[in-house]
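Form predicted on its own, single chain, as structure tokens, below.
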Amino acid sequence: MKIDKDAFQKYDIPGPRYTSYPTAPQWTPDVTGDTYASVLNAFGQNDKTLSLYVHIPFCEKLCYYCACNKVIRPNEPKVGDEFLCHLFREIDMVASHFNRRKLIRQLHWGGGTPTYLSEDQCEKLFFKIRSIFDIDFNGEIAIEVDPRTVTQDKLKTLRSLGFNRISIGVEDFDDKVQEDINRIMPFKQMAQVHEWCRKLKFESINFDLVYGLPHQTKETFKKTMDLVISLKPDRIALYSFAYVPWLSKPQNKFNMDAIVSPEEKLDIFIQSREVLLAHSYQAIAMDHFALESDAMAHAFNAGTLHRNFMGYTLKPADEFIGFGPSAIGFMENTYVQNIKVLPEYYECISQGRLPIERGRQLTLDDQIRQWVIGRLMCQFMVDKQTFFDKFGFEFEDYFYYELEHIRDCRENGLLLENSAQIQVTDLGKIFIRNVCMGFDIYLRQKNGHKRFSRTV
């Protein structure tokens, strides 16, 4: 695929990743623990199903590229024990608002490094969740893994608990890149972990890769891609490096001269995409790829793929709860986010208060735009009749202001449009964040451009 240089320069701008709408800059402290309690009470009275995310913030070492919420600690049992003590109290506080056991259709442990916890601690956490909720073991039960922190025995424990999908952080296999981002992980180590996962029959194995890191070139990343393909994971997440040193101070350690140019970064992505497509992987939504035999490819082709803070999901639930510092929930059209700073999270829990830092209650317009952006991100199309059936508005009437944006995307080859639907082109999939930005009313109000990574 060839990208016109003018189009690239036009669309390579800061923009959201749209794991939520409205995006986090629009959330405010007006949504409090009391707000969350009311939402939980309403949710507790109905039969809606649940996606549940647990954020385990600890890492043994600092990876300089990472902008996730993490806490660097030596691996000592007392660290995990203290965390679980507070986490269990949060779980109990949330569950106290329910008058019935809730069904979890999707469970995900992220971080940080979830496998920082010992086998015993992993078992205690899983059993705590099972004591409160019913888990659909036919759903997605997923965990993020750092290959440097797992043994074969720990993987056996996770599989025996019921985890059926595993996501492994690879990033890049090049020695120079690994040295610069402070994440040394030999390919042999990664291959061994992958072999253990295959023998344990995890239903789906995902590799996370990052393009645009310091010292990467098309040539070096091609070697990484060849090594990845030799192992043939079921899914691959090919993430654009989010260079946000104003949010993640360790990124200031990078030599700016070592960071690839925007043009080469795009070339790395396009080359990697072509390699994956040539090896039986299907492009899934924005930045994911899956073997054509994988359930994610099936869901995408069937138009049932969904997106939330855990990424793309096959088993969508009605509502979403997050536990742990910085974790996010979404229920009854309300976003809530927990306190990010670990000591403050502990203090709030110790005081018996729900640890909410901020959130957002959605207006009808928010819900409409959330739906449209979600369709674009997941299915690469919007059906106008479905929109009318759901909201009672003609698409062109409601998005009258956005018609110019749609026309611009069409003229630049990002969209196709007819009277029935809007369809994203292959080129538009590369710039899907830009397509969605045109439907984001807060960007129009110039109230959301700050602090986003670039779209390519």
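All values derive from a computational prediction rather than experimental measurement. Position 1 is the first residue in the sequence shown; the rest follow in order.
From this point on, the text means the form predicted together with a small molecule, which you will not see here.
Listed stretches are 194-202, 273-281, 109-117, 155-163; the contact stretch with the small molecule in the predicted complex is 109-117, by a heavy atom cutoff of 4.5 Å. Though the partner is left out of this view, E90 does not reach within 4.5 Å of the small molecule in the predicted complex, counting heavy atoms only.
Using a 4.5 angstroms threshold between heavy atoms, L376 stays clear of the small molecule in the predicted complex. Using a 4.5 angstroms limit between non-hydrogen atoms, C68 touches the small molecule in the predicted complex. With a 4.5 Å cutoff on heavy atoms, D146 counts as touching the small molecule in the predicted complex.
Checked against the small molecule in the predicted complex, the residues L305, V210, I356, I135 give one hit for a heavy atom within 4.5 Å, which is V210.
When the small molecule is considered in the predicted complex, only one residue from G139, G169, G80, P214 comes within 4.5 Å through any heavy atom, namely G169.
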